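Only one chain comes next, encoded as structure tokens, the form predicted on its own.
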């Protein structure tokens, strides 16, 4: 099958190293002229939350989820060797020393290049995340929308 020029990435994980991989791939594909869709679900949604707390009405369990989960692309830890946050600090230092863009920079770059970012509304409901808590420039949809994108894509990744 010939490459359609479309790529999709499901961002299930909200861990720093996995999110970095997803955004590096998305930025690379967009820079090559491909149409890229990223579908954020469950823990991946935390990457799209605003850094500051947004006052919204929530039930007890939804409020607990919001309190326990990291808020924004600058907060996630590593999937391996996190060591209570020390691994993340070491990784960020090495990235800075090697001139590797930070996760917030990669997210902004992807948005600037037109990468479509879809927040899964079902996962948002389950985790008690409201649209007001999310960064600007997102689409909100369910799995059927993602599957429609995936059907047309030559590459589909799950991270």
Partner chain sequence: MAEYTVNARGLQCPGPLVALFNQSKVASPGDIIKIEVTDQGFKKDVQAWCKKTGNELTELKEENSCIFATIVKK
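Keep in mind that what you see is a predicted model, and the values were worked out from it rather than measured. Positions refer to the first chain, counted from 1.
Unshown form predicted together with the partner chain; subsequent notes refer to it.
The candidate spot formed by 30, 33 and 100 lies fully in contact with the partner chain in the predicted complex, as each residue has a heavy atom within 4.5 Å of it.
When the partner chain is considered in the predicted complex, only one residue from 91, 106, 127, 134 comes within 4.5 Å through any heavy atom, namely 106. Only one of the listed residues (138, 141, 24, 150) places a non-hydrogen atom within 4.5 angstroms of the partner chain in the predicted complex, and that residue is 24.
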